[in-house]
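In the form predicted alone, a lone chain appears below as structure tokens.
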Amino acid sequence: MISQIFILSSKGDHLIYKDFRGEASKDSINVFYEMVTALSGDQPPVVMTHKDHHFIHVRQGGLYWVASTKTNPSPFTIIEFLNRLAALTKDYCGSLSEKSVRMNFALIYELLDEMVDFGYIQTTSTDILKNFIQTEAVSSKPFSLFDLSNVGLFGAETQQSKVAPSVAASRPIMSSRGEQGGKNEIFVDVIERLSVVIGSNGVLMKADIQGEIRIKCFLPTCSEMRIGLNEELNIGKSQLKGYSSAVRVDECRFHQAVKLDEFDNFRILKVCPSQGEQTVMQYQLCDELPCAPPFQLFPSVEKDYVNRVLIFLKLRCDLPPKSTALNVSITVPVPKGSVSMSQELSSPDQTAELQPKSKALLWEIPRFPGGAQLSALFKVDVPGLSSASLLEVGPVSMSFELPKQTCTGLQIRFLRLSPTQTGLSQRWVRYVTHSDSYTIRI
């Protein structure tokens, strides 16, 4: 049973507040924010208690989504509801941000009125809610196929490819007729997150891949969609049959709406998609990387003069020549007493800076072509430098995006809709790999 639901910005601004039962005062918002900000660390506990009041919250889109209660409901139920509320807000508003919530507050209040009655959850189904929601979404930015400045994955600004579908995917699912939102489209994205640890000798020590197949549907009606995966896809080590073209994952999970009667024999997923965004499949591959690591680093750290450290980094991109890594960021911890830095970079589009608070230097590369090699020399001034201070350099951590790439090799063979859609319907399939944790020891 939910007493209150409220949405706060990262600074504590009150964006949405809904009291269902009148059991608590509005001051509970300030109580919650004071509790969150008083805790150390970036991830406060999901469930917190103040006197006889329980707060359950999640972080989505840089916002706090909070439910308060005086009873003892299942925390997992409330967490699932809050995540679903955030997903519905993104579906109906087009994007998930403080600006979109402010501009669509009336729509969000209407959603809450239909989803919760006197603190009891009624429904979170898009198919049911679309029959009752009447408020039109207000887009924080007009969507245009010719605006390619912010290209992203379902609204996230990843700049993965300069094509119109990425912008189109971030529009609201319910738009006025005659606008761009009226097009019949469906987007299928294969997203992988890569976790890698590379030793100081260049040997791969750990590699994990977390992946998912995510769809966003703008079709008014679709009884069934068939997604064909690699025919040679193997699940679990025991199923690996030894041919070189096999694609393997350790385990996978499916959305409850996915039908698997053709999956074992033909690797076909069948699902009846509702309007909006949903994840139809999640998979994992542990302790193995089917391809070479996308980056190799060749570092050199030495003492120069009395109070200066020379850090030379040579970075090689081992992607295919026609591929490109985007938004590459390299972070190198430096000695605690570092006060200034000068650098020599191999190309003018690169940037580097010393971050005194985190005691690290940041090297950023906006575009890194496959097969290329870049280098940088950093001269860090450290008063009272000692030999022990050199041990404080490293390990190096990287973040990047690999558009049109999957490390597991998972591919979408076909995407078929049944029954055939009347009029023009477009289907888009996209691939992207993100770095979840990419660490290189020096």
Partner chain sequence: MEWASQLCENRGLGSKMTDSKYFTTTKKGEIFELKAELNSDKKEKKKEAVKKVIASMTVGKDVSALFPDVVNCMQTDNLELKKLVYLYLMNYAKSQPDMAIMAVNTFVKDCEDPNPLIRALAVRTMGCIRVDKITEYLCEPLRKCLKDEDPYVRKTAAVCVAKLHDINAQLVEDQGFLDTLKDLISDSNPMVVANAVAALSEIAESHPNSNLLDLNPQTINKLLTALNECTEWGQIFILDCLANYTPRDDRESQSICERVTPRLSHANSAVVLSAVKVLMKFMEMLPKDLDYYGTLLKKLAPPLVTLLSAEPELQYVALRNINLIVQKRPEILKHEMKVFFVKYNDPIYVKLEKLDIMIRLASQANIAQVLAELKEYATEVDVDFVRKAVRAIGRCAIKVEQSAERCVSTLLDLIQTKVNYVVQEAIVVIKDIFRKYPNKYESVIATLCENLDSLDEPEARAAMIWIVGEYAERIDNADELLESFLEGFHDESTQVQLQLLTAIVKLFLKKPTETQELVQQVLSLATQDSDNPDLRDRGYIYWRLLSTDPVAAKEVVLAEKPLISEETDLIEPTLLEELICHIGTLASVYHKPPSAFVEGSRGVQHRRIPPRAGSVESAESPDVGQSGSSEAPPAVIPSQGDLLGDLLNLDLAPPTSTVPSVQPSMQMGAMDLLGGGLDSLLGGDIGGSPSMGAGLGAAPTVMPAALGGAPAVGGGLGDLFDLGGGVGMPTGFYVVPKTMWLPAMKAKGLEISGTFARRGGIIQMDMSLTNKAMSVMTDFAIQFNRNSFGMAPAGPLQVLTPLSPNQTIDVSLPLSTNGPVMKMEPLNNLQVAVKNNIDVFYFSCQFPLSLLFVEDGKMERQVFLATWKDIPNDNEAQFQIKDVHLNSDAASNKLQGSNIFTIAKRTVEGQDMLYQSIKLTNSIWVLAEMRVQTGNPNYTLSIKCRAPEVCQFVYQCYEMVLKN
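The term rigid core refers to the maximal set of C-alpha atoms that superpose within 1.5 Å between the two forms. Residue numbers count along the first chain shown, from 1. These figures come from a predicted structure and were not determined experimentally.
The same protein has a further form, the form predicted together with the partner chain, not shown here; the description that follows concerns it.
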Would you check, heavy atoms only and a 4.5 Å threshold, whether Leu15 touches the partner chain in the predicted bound form? yes
Applying a 4.5 Å heavy atom distance criterion, does Ser397 contact the partner chain in the predicted bound form? yes
Heavy atoms within 4.5 Å of the partner chain in the predicted bound form: does Arg21 have any? yes
Ala38: heavy atom within 4.5 Å of the partner chain in the predicted bound form? no
Look at the candidate spot formed by Met1, Thr124 and Lys336 and say whether the partner chain comes within 4.5 Å of a heavy atom in all three of them in the predicted bound form. yes
Looking at 225-233, 347-355, 307-315, 124-132, which stretch has residues with any non-hydrogen atom within 4.5 Å of the partner chain in the predicted bound form? 124-132
Contact with the partner chain in the predicted bound form, heavy atom within 4.5 Å, among Leu219, Cys291, Ala86, Ile79 goes to Ile79
Using heavy atoms only and a 4.5 Å cut-off, determine which of Gln282, Ser323, Asn327, Gln278 is in contact with the partner chain in the predicted bound form. Gln282
Which residues in 190-220 have a heavy atom within 4.5 Å of the partner chain in the predicted bound form? Arg193, Ser195, Met205, Lys206, Gln210
Superposing on the rigid core, is the Cα displacement of Lys130 between the shown form and the other one 2 Å or more? yes
After a core superposition, would you say Arg253 shifts its C-alpha by at least 2 Å between the shown form and the other one? no
Answer yes if the CA of Ser195 moves 2 Å or more between the shown form and the other one after aligning the rigid core, and no otherwise. no
